[in-house]
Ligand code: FRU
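Take a look at this one chain, the form predicted on its own, written out in C-alpha cells.
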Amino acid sequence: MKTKCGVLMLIAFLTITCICKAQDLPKPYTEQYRPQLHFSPKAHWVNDPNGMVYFNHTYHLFFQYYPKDIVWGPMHWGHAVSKDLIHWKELPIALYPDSLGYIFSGSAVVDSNNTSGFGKKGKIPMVAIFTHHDPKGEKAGKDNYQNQSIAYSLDEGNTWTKYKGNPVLKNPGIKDFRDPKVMWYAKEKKWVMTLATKDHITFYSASDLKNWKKESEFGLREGAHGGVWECPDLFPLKLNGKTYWVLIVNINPGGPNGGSATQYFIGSYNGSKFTPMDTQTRWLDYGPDEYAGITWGNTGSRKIFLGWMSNWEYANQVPTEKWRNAMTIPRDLQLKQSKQGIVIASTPVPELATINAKSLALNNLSVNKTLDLSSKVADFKSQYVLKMSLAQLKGYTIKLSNKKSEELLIGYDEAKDQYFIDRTKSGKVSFQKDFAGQAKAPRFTAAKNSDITIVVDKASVEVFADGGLTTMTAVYFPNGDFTDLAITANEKLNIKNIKITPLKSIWNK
C-alpha cells in the first residue's frame, strides 16, 4: 500500500513539475528576438518568400520552410495569408517534398482564363510554379537535378494537387536551374517565366502553363557576378507616364556589403527579350539582411516587394531557438530620377499604419553633440517607426542602445556621402566572423535637405532614406532590448521635425 501511495505521489510530483516547466516556456511570438512587426512562422526554419499572389481580397505568402528543425533542410512550401499585408495567419503546409524532390522557390498565379484547364465548375485555379530539386541527383553529380513543376488549387490555396505531367520544364543540363517567376503578358496572351539559370536569366513562354518554350537569355555580361543568380522577377513600372521594365535578380554571394543581396536592372521588354537601358549595377537594398526579394502578383500597377530578412553568410547560425529568420516589412516600389539615373525607391507599405499607437512629434530641435530621446521611447517596447526630417543634411548618428553598453548605430557620414548601419557592438556577434561591422550605402540625391525613416523591431532595423532612394536592412541580437535612443552629431545639427510612432505587435489578438 505504501509503495502504491509512493508511486502516486511521485507521478503527481512529476506532473506538477512538468506543468510548471511548461508554464515557464515562452509563448509563441514572445520569445527573445522574435519579430513583432514582421512575419515569421510559429516555429522552425524559413527562408525565401515564394508564390506571393493576391486573390479574392487576400494576400498569399508561401515560403521556403523546413518543419523539423531551425536549420535548412528538405524544403516545403509553408503558407500564410493576410488581408492587410501586416497581420498574418499561418496555414498548414501547402506543398511537401515528393519523389521528384524538394519543393524549391517559385511563384503562383491566378489563372483567371483557365488557360491551364485546371479550373472546374467555374472555380478559378491558383497555379503554383516551383522548382523540384532532386537531392539524389545532386548527390550523384548529375547536372539536371533541378526542374520546373506545377500544382493547382481550386479552394484559394487551402489544398493543392500536383500536376501528373510534372516536370513541365525539364533541365537541359544546367546545375542551377531554378526559381521560376511567372506573369501574364496580356499583349501576347501568354505566360512568361523568368528563370535563374546559373549566373544569368532565361526567359520562357507558354500559353497554358504546361508547354514552355525558350525565348531569350540575359545577364551573361551584365550586372554583378560574385555568386549564383537566384529568385528573379520581371515587372513594369511607370515614371512620368513612360513604362519601364524592372528585372530583379538576387545574388549569393556578391552583395555590396558581403553575402546575399538583391540587384536589379531597368530597361525594356518586348514579350521575348529584356534589354537594359545601361550597364549599371543597382542594388535594391544595401543592408546585409535582405535577400530573395520578389513582388506580389495580381496587384495591378502597384508593386509590393517582400524579402527574406537574413543572409546566407550566417542564416543557419543566428542565436534564436524555436524559429530561425523572418521576412522584411512589405514595401511599395516606384521609380524615381536620381543623380545616378533612374532607380527604384522603396517605402514601407502604408498599411503599416494599421498598428500605429499614439505618435510623439518634436519640432525644431538642435543637436549639440547628443540629443537623448530615451525617456520619449521608454514605453515603446523596441518596436516603433522613427521619421526625421532635416532642412540641411549634415553628418549624424542615431544610436539604439541598452544598459549593457550594447548599441546599434544608424546614420549619415558626410565626408563619404554615405549612409551606414554599424552593429559592431550590437550584442551577440561572435556566432559568425563577418556578422559584426559596418554596412554602407550611397546617397542618391544631391538635395541639401534629407529625410530618414527607420522601422525598429525587437531585433531588426529597416532604413529608408531620402524618400526611399537608399534602403538598408539589418538584424542584430542584443543581450537586452534596445530601449534607449539618442542622436549624436559632430557639429550642430538642426532637426526640422522628428515623429516617433510606437507599433503594436502584429500577433496581438
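Heads up: residue numbers just count along the shown sequence, starting at 1. Predicted model, so just to flag it, every value in this text is computed and none were measured.
Quick note: we don't show the form predicted in complex with the ligand, though the next part is all about it.
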* To do: Only one of Ser310, Thr194, Ser105, Thr295 comes within 4.5 Å of the ligand in the predicted bound form by heavy atoms, so just point that one out.
  => Ser105
* To do: Note which of Tyr291, Tyr396, Phe435, Trp283 lies within 4.5 Å of the ligand in the predicted bound form, where distance is taken over heavy atoms; exactly one does.
  => Tyr291
* Classify Arg324 as contacting or not contacting the ligand in the predicted bound form by the rule of any non-hydrogen atom within 4.5 angstroms, answering yes or no. => no
* Asked: Asn47: heavy atom within 4.5 Å of the ligand in the predicted bound form?
  -> yes
* Taking the shortest heavy atom distance, is His79 within 4.5 Å of the ligand in the predicted bound form? -> no
* Would you check, heavy atoms only and a 4.5 Å threshold, whether Lys181 touches the ligand in the predicted bound form? => no
* **Stretch from 229-237, 418-426, 155-163, 362-370 whose residues place a heavy atom within 4.5 Å of the ligand in the predicted bound form** => 229-237
* Asked: Within 4.5 Å of the ligand in the predicted bound form, do Gln64, Trp72 and Met75 each have at least one heavy atom?
  -> yes
